[in-house]
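What follows is one chain in structure tokens, specifically the form predicted alone.
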């Protein structure tokens, strides 16, 4: 206003805005950590104990390209009314978000088996947890080595 500009823009304000934009562009988004994965698992199970077993996580141990990694989860459990796998969730510890996917199943799903492809930003541990209709949780985990992480070319 002092220089007659009705918008109040000054050279100093423009330089501040440019510096702030530069800082925002340099800051990378935070990735998940093992603690963030543990928090996500705790939120999913609501503090219930997670038992090892019944779940088979099918994932290659060595991945050349992290952009499209095949992942399968099989749960050895009945899929009958009143006794079935309700939910399958997959977690990771180094991607931007610790929750990879959540699959909701019903007895009409037929088999407790899901498959998909995921992106991996680095070598890390993957955890699959299945919730049964009786409220119990079962899990399996695998370590994956990624030689070319996803988004490494950017």
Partner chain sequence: MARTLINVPATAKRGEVVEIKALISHPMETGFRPASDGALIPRDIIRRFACTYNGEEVFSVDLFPAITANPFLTFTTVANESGEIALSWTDDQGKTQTETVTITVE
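Please read all numbers here as calculations on a predicted model, not as lab measurements. Numbering follows the first chain given and starts at 1.
What follows is about the form predicted together with the partner chain, which we do not show.
At a distance of at most 4.5 angstroms from the partner chain in the model of the complex, none of the three residues 125, 136 and 142 contributes a non-hydrogen atom. Within this chain, residue 96 lines the site of the partner chain in the model of the complex, having a heavy atom no more than 4.5 Å away. At the 4.5 Å threshold, heavy atoms of residue 119 reach the partner chain in the model of the complex.
Shown alone here, residue 114 lies within 4.5 Å of the partner chain in the model of the complex, counting heavy atoms only.
Contact annotation for residue 59: none of its heavy atoms lies within 4.5 Å of the partner chain in the model of the complex. Screening 105, 63, 55, 40 for any heavy atom within 4.5 Å of the partner chain in the model of the complex leaves a single hit, 105.
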